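The data below hold one chain only, encoded as structure tokens and taken in the form predicted on its own.
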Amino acid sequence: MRESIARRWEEHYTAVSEENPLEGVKALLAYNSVVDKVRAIDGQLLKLLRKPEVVPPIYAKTAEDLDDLSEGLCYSISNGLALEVICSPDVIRFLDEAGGYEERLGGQVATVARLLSDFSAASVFVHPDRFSWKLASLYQGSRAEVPLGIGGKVEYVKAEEFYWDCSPEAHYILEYPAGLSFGDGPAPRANRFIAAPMTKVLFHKEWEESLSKVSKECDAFFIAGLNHMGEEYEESFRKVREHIRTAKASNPSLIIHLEITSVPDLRKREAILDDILPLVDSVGVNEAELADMAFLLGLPRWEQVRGNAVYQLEAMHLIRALGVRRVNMHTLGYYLALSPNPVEEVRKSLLFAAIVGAVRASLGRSPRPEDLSEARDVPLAERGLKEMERLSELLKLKDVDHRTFLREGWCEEESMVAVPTRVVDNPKYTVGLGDTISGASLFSEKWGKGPSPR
């Protein structure tokens, strides 16, 4: 039976493989763009760190010293989990001196901006957070522009030409392959550990002055970087709420999307749930981020939620109950979405995102339309098919058409769509993969016209 279902999914993939649903999209993206310094973890780096005797049950959310860094890295590798840890200046200095990095354009905003640019979006407007000359140079060749409100008018500057006098921000991305050992056992999957400095998002006043006019021109407002709002984040979150309200007042049909990202600080996670989520239309998460939120909403510890689509679906329903119209979760092997849009359109967007994600993992860079044929040779994930069977059993208990779900991926009664994805066994890079998937699915999903019911 699974073979026939897999063949059906290959047909679904073939049906969307030639499409470019991002062409003509108009996007507003905020807040964080950074310089990613990427290197593969090797024996030389690991020799400089103390290997923990056992995998720690938890890890320090802020790495004050190298022992904290070692424990976080051990936790990430042993569990195959993408983690981001805020690091002290001493830890950042150690990582910088380790050397061997490739500098790349990073941060959720920059990653999605590059994707949309390469797929011929009509407009890509970005917030200029910490645009040093180095960061601006990494935007070279993109369509991204920085809108600036000056003298009551909006001026548009190419992102690659815009920079201001600010301290730059670099994230240290430590990539590891499946099978690497730095703890009790080998990494179950390829992933990355991100060491971020204690810098915070800088809001640009002239960008804020442009927001009302620019919002009228856009289809969706993609927000990310709330994890980098500093220790005293209350004023920053107030500004984010103000930006959302300004954008919505200017364009009531504008889709507000929040990419959750890793938020180590429990207080910030609670503030996001209480103060930000009720204002947004759409949320994007990976399995670890979803589990962190699920625990605050009353579900079991995240270890029980991770890797179990039934628990993940329950967590997504809890988030949607806060007033969010759409929730999209990506994890290794499958994606889940709860959306008010037609299920066939949602499935198309998830399949397109899966193709884009597979190609990015294969090539190690943001793909272009002519690259998408690369995904044909990437196999369907066995894990994804298994999790869809688990969801099917849940639907069967609810006396819902579970057979249609297995073959078509949707359940209209639950407003749910799921797809098994294509998984690259040895990805060249994993950083930015989740942001690429979220951006591709959000901006390719066809939303109904008219204002959101808020």
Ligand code: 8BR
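Nothing here was measured: the structure is a model prediction, and the numbers come from that model. Note that residue numbering begins at 1 and tracks the sequence as displayed.
Another form exists, predicted in complex with the ligand; not displayed. Remarks below refer to it.
- For the candidate set V346, A358, I256, L73, a heavy atom within 4.5 Å of the ligand in the model of the complex is found for exactly one residue, namely A358.
- For the residues I41, C411, L391, V424, the 4.5 Å heavy atom test against the ligand in the model of the complex is passed only by V424.
- Residue contact check for T331: one or more of its heavy atoms lie within 4.5 Å of the ligand in the model of the complex.
- Shown alone here, L433 lies within 4.5 Å of the ligand in the model of the complex, counting heavy atoms only.
- Contact annotation for R189: at least one heavy atom lies within 4.5 Å of the ligand in the model of the complex.
- When contacts are judged by a 4.5 Å heavy atom cut-off, N251 does not count as touching the ligand in the model of the complex.
- In short, of 411-419, 42-50, 424-432, 394-402 it is 424-432 that has heavy atoms within 4.5 Å of the ligand in the model of the complex.
- Although the ligand is not shown here, in the model of the complex the stretch 138-173 places no heavy atom of any residue within 4.5 Å of it.
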